[in-house]
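The chain that follows stands alone, in the form predicted alone, written as structure tokens.
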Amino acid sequence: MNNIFFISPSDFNADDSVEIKDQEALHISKVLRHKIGDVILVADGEGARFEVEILEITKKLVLGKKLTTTCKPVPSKKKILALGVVKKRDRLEFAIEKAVELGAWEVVLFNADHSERNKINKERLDTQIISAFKQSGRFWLPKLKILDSMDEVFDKFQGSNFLMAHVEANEEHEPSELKEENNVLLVGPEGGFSVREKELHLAKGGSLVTLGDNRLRAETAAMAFLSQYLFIK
């Protein structure tokens, strides 16, 4: 049972039956060729995973029954990646995929001062997040937010611990243990953060963090930043 299937909590019925629809049902029936009586893993994205026995299969619906339930609590330290939108779609998607694999609780895309404005296909990115969620075996599905500026990031996450990856940070600003419940990790786009954004960040009580001596691409910086806190609970 290496494959995990994602369905909305609303697709679980009161009698412990489970309705798996659309692409997930097609994947189960046509791609993996599961049969009635097989047991599969299903996740609801809200901290629970279930062993489900298949009772009925059609092209667009798989009906099953919950056998066992495994739950994980909400993490005590949340990592929220706030990434300035990068121009190239493949790099942006790569960054989001890896953010999910590396435990980001939430992914926030915002138009930084140095971002080249691009149209973002949120539906495509949500699908990618679900795919990475299943592949990495997570229990909680990260949410995606799209904001207009870094100013909105501060407004949206008031009271959080803000950490900015910045080229002007040095060895005195190395990543340290996260002590707050909500931690916003800010990564700039190509060209980095503007002077205005850096000053705003510091004015809001944020800290600068170094990711080493080398200059990193935005997607690499996001991975390096999240990796510093990979083993927090």
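Note that this is a predicted model, so its numbers are computed, not measured. The first residue of the sequence shown is number 1, and the count goes up from there.
In what follows, reference is made to the form predicted in complex with a small molecule, a form of this protein that is not presented.
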### Query
For the chain shown here without its partner, which stretch in 146 to 154, 100 to 108, 159 to 167, 72 to 80 has non-hydrogen atoms within 4.5 angstroms of the small molecule in the model of the complex?
159 to 167
### Task
Indicate whether the small molecule has at least one heavy atom within 4.5 Å of a heavy atom of Gly212 in the model of the complex.
yes
### Query
Should Ala221 be classed as touching the small molecule in the model of the complex when contacts are defined as heavy atoms within 4.5 Å?
yes
### Message
Taking the small molecule as it sits in the model of the complex, is Phe193 in contact with it (heavy atom to heavy atom, 4.5 Å or less)?
### Response
yes
### Query
Quick one: does Val62 come within 4.5 Å of the small molecule in the model of the complex, counting heavy atoms only?
no
